[in-house]
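Single chain ahead, by itself, as structure tokens, in the form predicted on its own.
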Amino acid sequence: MIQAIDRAARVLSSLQGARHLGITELAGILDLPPSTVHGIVKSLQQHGLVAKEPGGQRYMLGPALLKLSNVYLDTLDVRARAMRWTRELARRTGLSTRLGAELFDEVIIIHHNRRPDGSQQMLETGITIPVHASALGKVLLAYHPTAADELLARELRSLTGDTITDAAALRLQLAQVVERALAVEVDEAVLGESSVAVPVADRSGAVIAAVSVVMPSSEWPPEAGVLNDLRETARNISRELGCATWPPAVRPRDDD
């Protein structure tokens, strides 16, 4: 690992979530001398990756990150091929849809369709959810046993009173996900919000993403027609990516 790049990445990670921090605060978080942090922040600022508060002494994420994130999204083949299918899924079900990919111990939403009811809704593309507290994440964990083993060896964070934090209980649920090719979560990440997700696979048969529908918990469980539409959407996206069969098989552990 290159130390300078690692430190710069840690600065950016510390500023995520709309945080505004000063040099001293960042130095405390990173356990580095303030002079070192100051040099890193100034270098990031020169490239637009960090910005300084107008008239202040604190720093925040910079606008160049938005440009980089858009480039990343535009290069994702799974997103490009999924967009028309998830749009149609939202239209057919009347629910919002998410397409998610794994990002360390989180799921990042790489595409989002709002509910087609005309109501005011936040666009969720780019947000992250702890992988164990989302239906999308449970799909990705269930089909990637090595990643699941690594996650379940650590303490799981609770987001609500319904978040599954017991490793044995979550492992049992992941086994059920594979049996059904479908994962659910009810109030586990956000109270009042529930979702159901299914896997998306590529030409090699590996699960590279998951697609879900999201609904108010007051409307849970989803109707059979919603589940059928969701499965058909995942099957169509996977077919466009070259996957010959759906549902896909579980990836072997790295040491198998």
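Start at 1 and count along the sequence shown; that's the residue number. Just so we're clear, the structure is a prediction, and the values are computed from it rather than from any experiment.
Only in words, not in the display: the form predicted in complex with another copy of the chain, which the text now covers.
Of 149 to 157, 133 to 141, 108 to 116, 88 to 96, which is the one stretch near another copy of the chain in the model of the complex, taking non-hydrogen atoms within 4.5 angstroms as near? Result for this chain: 108 to 116.
Quick one: does H20 come within 4.5 Å of another copy of the chain in the model of the complex, counting heavy atoms only? H20 belongs to the contact set for another copy of the chain.
P145 near another copy of the chain in the model of the complex, any heavy atom under 4.5 Å? Taking the distances in the model of the complex, the answer for P145 is no, it never comes within 4.5 Å of another copy of the chain.
Please check if A9 has a heavy atom lying within 4.5 Å of any heavy atom of another copy of the chain in the model of the complex. Yes, contact at 4.5 Å.
Exercise: L68 in contact with another copy of the chain in the model of the complex, heavy atom 4.5 Å: Although another copy of the chain is absent here, L68 would touch it in the model of the complex, with heavy atoms inside 4.5 Å.
Of L32, L49, V190, L227, the one that lies within 4.5 Å of another copy of the chain in the model of the complex (heavy atoms): Result of the distance check: L49.
Counting heavy atoms only and using a 4.5 Å cut-off, do L170, L182 and S217 all touch another copy of the chain in the model of the complex? No, none of the three is in contact.
Within 47 to 84, the residues that have a heavy atom no more than 4.5 Å from another copy of the chain in the model of the complex: Counting only heavy atoms within 4.5 Å of another copy of the chain in the model of the complex, the contacting residues of 47 to 84 are H47, G48, L49, P54, G55, M60, L61, G62, P63, A64, L65, L66, K67, L68, S69, N70, V71, Y72, L73, D74, T75, L76.
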